[in-house]
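Before any questions on how it binds or moves, here is one chain, the form predicted on its own, in structure tokens.
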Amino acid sequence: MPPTLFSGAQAGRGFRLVLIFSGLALAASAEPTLANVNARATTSLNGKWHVIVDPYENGYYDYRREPYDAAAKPTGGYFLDHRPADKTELVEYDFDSSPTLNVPGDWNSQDEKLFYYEGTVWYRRRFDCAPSDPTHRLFLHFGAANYLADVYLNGRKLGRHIGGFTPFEFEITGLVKPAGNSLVVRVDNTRHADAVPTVNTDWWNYGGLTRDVTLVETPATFVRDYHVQLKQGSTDRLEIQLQLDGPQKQLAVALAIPEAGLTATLEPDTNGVASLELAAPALALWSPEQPRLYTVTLTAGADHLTDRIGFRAIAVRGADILLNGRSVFLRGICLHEENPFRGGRAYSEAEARQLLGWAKELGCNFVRLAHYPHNEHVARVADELGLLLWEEIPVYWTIAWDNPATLANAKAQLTDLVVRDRNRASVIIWSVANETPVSEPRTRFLKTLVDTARSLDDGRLVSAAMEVHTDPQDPNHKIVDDPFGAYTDLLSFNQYVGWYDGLPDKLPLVRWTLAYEKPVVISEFGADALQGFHADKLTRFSEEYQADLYAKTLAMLQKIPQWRGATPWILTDFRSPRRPLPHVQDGWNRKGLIGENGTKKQAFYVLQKFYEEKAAAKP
């Protein structure tokens, strides 16, 4: 039977190798996760799963009858999903009578007792499995599990995945039964100093199986991964790469884009990898104003995949960002993957449409997905709506810069994100970090991530949200000279003059010194406001304070000649354990332009008006 598949950073036998081919990269051995899962033959394993909360990690223990016998079959580990054979056998757990949680979903917002819980929860789901063809292969695909997941099928460990926001899967061909399969997943969201992110963040550490769990059926040989985009520097040539998986690695693959009148045949090599350039002179380019998507099909024997893909060019020239050769101003907003009505992790297409719909209403053409990879629905909905995206990995604040395992973890998360979303026209920026203090080990760490992103995908920009420092001789003189800025395509930085640095009246006095002649994108600015709290403009946490800060910040930023966009912090209020102020924050970061009840604050309309004027102005 084919080997078990691993993705990301795993224990034991798991590993990742990046294969460079024709100037682009296809992840191989361990293979990338299945591209475009929802276009394949799938069975959802979403729904109610039985759970056991296990703060002491008892589920790992292998209890055996006394006297101890190393050859005896373990009966106590929760992963075995074992029931007593008779009254003489003691088993101190029972999934069948345990409570349930919805999957996808975080445990914090589903059970009040688990609101602050960090640790292990064991999930169990039973399922039947009848492949449509005995020669087909089967995979278990997880959209994400925060943070560490150990996966067991019928008592056998399939493997481990580390990282709370990227997809992973395991091949289960030959391991399933027609009926009564037991799937057990141990999920642990404990924070660690050497993890990515590390122990301190400004968002809620939602634990659990937070995205879809899917059983995927494929032919014996199938297209595992593909990349169909414009050739870098061109608007009329496509570059196609793909990777086959299975015994017929040199099976011919037919490509078709019917609406563009394009067809081609790719001939994979002995490793199953194929590459092709294709003239495409009549393509209508994707843009926020006209988000044109084409139906793209790939057929390899019995395997047939369909995707909707847009084609656009993004580049930097001097201080300008060029979309399809024309300068563009990024009218943006930051976004957390959180449902503001119920205060839990967002995961569905409907939630993506709600959040991105608000961004469109705000007048945005750009959204920063902070501070980790959001679910796959977001990029696909952004493709439809015409919203440009900044996608990010959770290298946040301080990381164990000198730890090789931490770097490997960050590279694996970045690789999984890029491979998942590099066919999405909406995605124009890969961000490798947020607000990381300057040091030589940190800069070296981040430079490795930049190189990784560019090796995987040369058709997008690479950046990070950097910090600002203040001239010790002049508190109104702000300087951006981060040495990491030499390696990024944009000069992106967070600034909070008027909130963490003085009052809004300071903003007109600020002057800037920038060390790089690159497009400036202000990746964060803002102030907290409790929706519905009204006072004068100098009363913190009032809507008036926030609105005044927005007006003065926007006026200040227009004095920066290189300014080409902004993503203010943030679209909606979101939960954070760092925000305890009673009757104001109550565990919420209140910098949203929309309150937790979905009501827009005054600053929403200040930014909306500014963006309307920007959109109407000539470029």
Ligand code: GCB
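All of these numbers come straight from a predicted model, not from anything done at the bench. One rule holds for the numbers: they count along the sequence shown, beginning at 1.
The protein also exists as the form predicted in complex with this ligand; that form is not presented, and the subsequent description refers to it.
This chain lacks the partner; the member of Glu277, Asp458, Asp481, Asp202 within 4.5 angstroms of this ligand in the predicted complex by a non-hydrogen atom is Asp202.
A heavy atom within 4.5 Å of this ligand in the predicted complex is found for exactly one of Glu351, Glu524, Asp106, Asp421: Glu524. Heavy atoms of Tyr116 never reach within 4.5 Å of this ligand in the predicted complex, leaving it off the interface. Residue contact with this ligand in the predicted complex: His371 places a heavy atom within 4.5 Å of it. Using a 4.5 angstroms threshold between heavy atoms, Ser431 stays clear of this ligand in the predicted complex. Interface membership of Tyr396, defined by any non-hydrogen atom within 4.5 Å of this ligand in the predicted complex, is confirmed. Only one segment in the set 227-235, 318-326, 171-179, 432-440 has any non-hydrogen atom within 4.5 angstroms of this ligand in the predicted complex, and it is 432-440. Using a 4.5 Å cut-off on any heavy atom, the residues of 476-501 that reach this ligand in the predicted complex are, in sequence order, Asn494, Tyr496, Tyr500.
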